[in-house]
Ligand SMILES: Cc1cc2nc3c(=O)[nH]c(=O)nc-3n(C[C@H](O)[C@H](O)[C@H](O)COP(=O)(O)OP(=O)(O)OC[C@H]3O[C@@H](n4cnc5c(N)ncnc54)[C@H](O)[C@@H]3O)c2cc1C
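Before any questions on how it binds or moves, here is one chain, the form predicted alone, in structure tokens.
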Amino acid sequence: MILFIHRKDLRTSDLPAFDAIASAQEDSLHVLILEPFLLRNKRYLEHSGQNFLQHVARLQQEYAKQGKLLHLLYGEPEAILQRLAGVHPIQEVSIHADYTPYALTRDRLLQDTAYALNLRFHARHDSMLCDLEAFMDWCGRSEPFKVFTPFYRRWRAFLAQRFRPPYAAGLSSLRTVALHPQLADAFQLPEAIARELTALAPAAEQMNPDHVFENFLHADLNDYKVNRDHYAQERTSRISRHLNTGAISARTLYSRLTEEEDIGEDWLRQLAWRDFYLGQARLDRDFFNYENVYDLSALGTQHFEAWAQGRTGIPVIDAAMRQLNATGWMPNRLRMITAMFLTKNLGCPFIYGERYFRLKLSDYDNAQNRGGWLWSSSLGFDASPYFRVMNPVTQSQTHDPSGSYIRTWLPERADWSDKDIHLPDEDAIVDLKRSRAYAIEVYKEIMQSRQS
């Protein structure tokens, strides 16, 4: 029997582990473990946790529709494995690999536990569109790409030659087995989380990632290059909340995209940026540690709460933060503007914004979120130069001239003129010109402080 553990792969098709299980022609016990650390401090009530649980509810429904068994458990993965192996004839543990510091530690414990029990252990790569090891070997490189453009050229050529299409085996071809009742009781979900899953089930049933992407392909792909920064129009794919939980795979998106007459090169670059950051998470030893590589002691947190609550007095910043807090969504350009404003104009260490987005973004992904914050704060590979400080007023005037986005999220400005609606309040917490000059001075020193 093979034990398969779902994590950031909340779907029932195009899974390398499913192909392996189908080839082995063995029974499989399928579990999804909700881990206390990842749901601590009631994170399941935040937008990121709600999105994850909604996809968990949808996965339960997909299993049920196909007459298969999925078991939701709560606890430490290695402890659960120990108990499962004691009552089930498990011979192999199968997972899809994850690469955050927490995930690496967790999976080492899981692997050590499996080996101590004389079980086979397989962690298969699934998150990236290109196989990283094969890609790096094909490029003749051992060090990660530090600039996106040459990475993209090689990535594009590699996929043209060696793209691995979606895996054929789906859940319907597997023989799933029941969980021993004693274990279901021992690792049952806390009542509060169980209630949330039940409450989210109706919305989960209406959710269909494939339809979301098809609608984008037919309605908005051709105009994506023009419309993506016009954030008031909301003409982007909105597929990220599904992709980042693994409810749909990057392989499926690429396959469908390349079937189109116009491949949508600008949207494809977004998948490349995703792989760029996922590759850094695995290859850049400092990716999860840049806050300790540079001396950020000149920065402070005195304005963080005002930023988080949308009370800075800079209209587009406050509108974006209010949308995020209310809905769990923020258009990508506004993520860059708000992040750069916090780190540069407000002089706050990026880790505070990164952690806030971790809770509030419904499409949160650790590597993508950190990559975006490193870019905005001029740290990491191919980041924005330290002397670049976006002017939020100019950005607002350029990408939403009529101010319709601000009118939506700052109704107190609904009657302002198209010219005045973008301008800072008289009591805004910082002066944009002076804070920009100070940020350039401070970040120049930060760039020179890198520890070897």
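None of these values were measured; they are calculated from a predicted model. Just count from 1 along the sequence shown to find any residue number.
One more form of this protein should be noted, the form predicted together with this ligand, which is absent from this view; the next part is about it.
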Problem set entry | Proximity to this ligand in the predicted complex (heavy atom, within 4.5 Å), stretch among 202 to 210, 106 to 114, 336 to 344, 310 to 318 | 336 to 344
Exercise. Given that this ligand is left out here, which of R83, R322, R274, H71 has a heavy atom within 4.5 Å of it in the predicted complex?
Worked result: R274
Problem set entry | Q233, T252, T176, S237 - the one with a heavy atom within 4.5 Å of this ligand in the predicted complex | S237
Exercise. Candidate spot N332, D365 and W373, all three in 4.5 Å heavy atom range of this ligand in the predicted complex?
Worked result: yes
For this session: Spell out, yes or no, whether the shortest heavy atom distance between Q270 and this ligand in the predicted complex is within 4.5 Å.
Result: yes
Exercise. Does at least one non-hydrogen atom of F287 fall within 4.5 angstroms of this ligand in the predicted complex?
Worked result: no
For this session: Determine whether any heavy atom of S378 comes within 4.5 Å of a heavy atom of this ligand in the predicted complex, and answer yes or no.
Result: no
For this session: May I ask you to state whether T245 is within 4.5 Å of this ligand in the predicted complex, using heavy atom distances?
Result: no
Seminar exercise, completed: When this ligand is considered in the predicted complex, the residues of 341 to 360 having a heavy atom within 4.5 Å of it are F357
